[in-house]
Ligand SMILES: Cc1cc2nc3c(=O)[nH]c(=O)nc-3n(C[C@H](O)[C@H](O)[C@H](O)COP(=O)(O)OP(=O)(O)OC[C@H]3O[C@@H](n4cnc5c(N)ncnc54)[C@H](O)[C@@H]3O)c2cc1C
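Next up is one chain by itself, shown in C-alpha cells, the form predicted on its own.
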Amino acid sequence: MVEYNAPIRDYEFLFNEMFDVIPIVQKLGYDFDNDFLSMLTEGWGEHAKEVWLPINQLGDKKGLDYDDGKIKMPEEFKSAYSESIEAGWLSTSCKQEHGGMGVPIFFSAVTWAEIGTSTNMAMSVLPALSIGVYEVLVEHGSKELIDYFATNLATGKWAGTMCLTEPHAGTDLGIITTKAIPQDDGSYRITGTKIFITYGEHDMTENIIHLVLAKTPGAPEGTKGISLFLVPKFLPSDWVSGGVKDLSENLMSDDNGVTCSGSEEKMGIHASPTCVMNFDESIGWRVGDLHNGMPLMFQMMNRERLATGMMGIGLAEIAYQNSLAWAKERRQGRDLKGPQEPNESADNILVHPDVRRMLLEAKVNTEGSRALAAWTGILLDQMHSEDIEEAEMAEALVALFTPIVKAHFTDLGCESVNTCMQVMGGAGYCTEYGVEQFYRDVRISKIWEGTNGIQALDLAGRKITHNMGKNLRYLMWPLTEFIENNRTIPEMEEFNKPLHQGVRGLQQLTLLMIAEGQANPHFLAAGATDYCRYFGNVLLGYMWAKMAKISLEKSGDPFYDAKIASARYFFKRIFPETAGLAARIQSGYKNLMDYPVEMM
C-alpha cells in the first residue's frame, strides 16, 4: 500500500516565510492571497491523493492498448482525467477568459507539478504538455487560432504535444526533414515523421493539437530555417473560418492525415504513450514568424524542462515517505552501541547509521531542491513584470537555473529513489510497495527534454557567458550580499562559511571553464557535467543557509529544528562533494580524449 501526504507545510514555509510570495504576485496584478494559496495547495494535494494516486500502480501494470494506430488508455485514467477537468485542476494558471483559474505561474509550475508527479507521473505529463502548447499559442499565435484553440486546450477538453525529434534528428534539430508547404488559403501542408512523441495518440481527450517543427521550401539551412506549426489530429467541423477565408471541403473532414505507427515499450511510465507520429499532408497553421520556430519551441521546452526537474523532486518525495514509513516498522540487528530495545527481538533499523544516511540524503536533497524550485517558480511570474529591471533579472536567473533545475534535480531524484529502494532491501525491489515503480518512472527524467549532459553543456557553454555574463551577475549579487550580511552572526558560521567557500570556488571554476573552453572546447565539454553539479550544490547550499537562518530564529518548534538539523547535514555530508567535483573539472580533458578508442 503506497502512502503519500503532500508536503503542504513545507510549501507554506517556502512561499510565506522564505520568499514572501504574496506581495510579489499582488504587485504583478494578481488578486491572490495566503488563504487562496493554502486552499489551492490543500485542495490539489487532496484531489491528487484521492483521484490520481489510487490508479498509479494500475496504470503501471495495465499500461495502454495499441492497436492499428489507435491507443486506448485505461478506463480508470480517463475517468480520473475527466474528474480533474471538472474540478478545474488542469488549468490553474490559464487565463480566466479561456476557462482557467488565472492564478500565478509558480503554483502550477512548482506545487502542482510536484504533487501531480508524486501521485501519478504518467497522468501528470498530459496536462503539463497541453498547458505548454496553450502558453506558446496564447503568446505567439494569431488571434483566430487563439480564439478557437486556447479555451479547448486550457480546459483540458483537447490535449497538446510538441513534435521535435525525428528518426535521424534528436539533439541536432537543424537536420530535420519534415516539410511545410504553404497553401493559397494561408494554411500549410505538413509531411514528415516524428518520434518519441509523448501522448502523441490517445483517447483521453476529443482532439490532440500538435506543435510541429518543420521547414518551408527554400528555408535557410540548420535551425534558422525551422518554423512552428499548429496541426490538429482532427480538423474541427465547427470551425467555419479559423482566419482562413477559403476552406475547401476536405478541410472540414475529421481526417487530417495525422497517424500513429507505433507506441514504444518502455522501462517505466507504462500508462504514458510514447509515439511515432506521421503527418501526411496534414493541414496546419503557422505559429509565430516564419523561420522562428526554434525560439518558440524552446520557450515551451524550457518550461517542460522545469516540469521535468519537478519530476525528480516529486518521485523522490513519495519514495522517501514510503521508505521512511517502512523503516519505522522494520526491525533488523542491534545498535552497534548495544541493544536499544532489549525486550524486542531486534532494534528498529533507524538505529543503523547507514540507514539514516540514505534516508537523510533523500530528505535533505529533496527539500533543498524544492526551495530552489519555489524561487524559480516565482521568477517565472516576475518575468512578466512591468518593471523592466525586475523582468530582466527574473529572465536572466530563469535562463541560468533552467538547465540546473532539469539536470541536478533529476540526477538527485534518481539517486534518492534508488537510495530509498535500498533502504527497504528486498521489499523495495518488490512491486507491492511501489518504490521500484518510482525508480523506473523517474529514470526517464534524466533523458527527457534534452539529456542531462546536454543541459550541462548549455549551462557551461552558453548560459554563464550569455549577455556578457549578466545571468551570473544577477545571481552573485544576492549570494555575496547574503554571505556578507551573515559573516558576523556566530550561529550562522557553520552554514555561511562553507557557502562562502563554495561560491568562491564557483567563481574560480567559471573563469577556468570560460578561459580554457575558449582555447579548447573539449575542456569545457569534459567538465560540464561536474560543473553543473557543483553549481547545483552551491544553489542548494544557498537555499539551506537561508532556511537555516529563518529557522534559527524560531528554534524550539519541531519543524524549524528539523530544518536546522537538515541544513547541518547538507553542509557536513553533501556539500563537501564539491571539492571532488572541482578536482575533476581541473583535471581537464586529456584523460578522456586521449584514451584510445580501440581500447574502450
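All values reported here derive from a predicted model rather than from experimental measurement. Residue positions are given as counts along the sequence shown, with the first one as 1.
Beyond what is shown, the protein has a form predicted in complex with the named molecule; the following relates to that form.
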message: I have 359, 366 and 537 flagged as a candidate spot, so tell me whether each of them has a non-hydrogen atom within 4.5 Å of the named molecule in the model of the complex.
response: no
- prompt: Exactly one of 98, 189, 330, 266 has a non-hydrogen atom within 4.5 Å of the named molecule in the model of the complex; which residue is it?
  reply: 266
- prompt: Which one, 474, 326, 482, 196, lies within 4.5 Å of the named molecule in the model of the complex by heavy atoms?
  reply: 196
field: Contact stretch among 372-380, 220-228, 345-353, 157-165 - heavy atom within 4.5 Å of the named molecule in the model of the complex
entry: 157-165
Partner contact for residue 304 in the model of the complex: the named molecule, 4.5 angstroms, heavy atom: no
- request: Find out whether any non-hydrogen atom of residue 465 is located within 4.5 angstroms of the named molecule in the model of the complex, and reply yes or no.
  value: no
- prompt: Can you check whether residue 150 is within 4.5 Å of the named molecule in the model of the complex, heavy atom basis?
  reply: no
query: Does residue 451 reach the named molecule in the model of the complex, with heavy atoms at most 4.5 Å apart?
result: yes
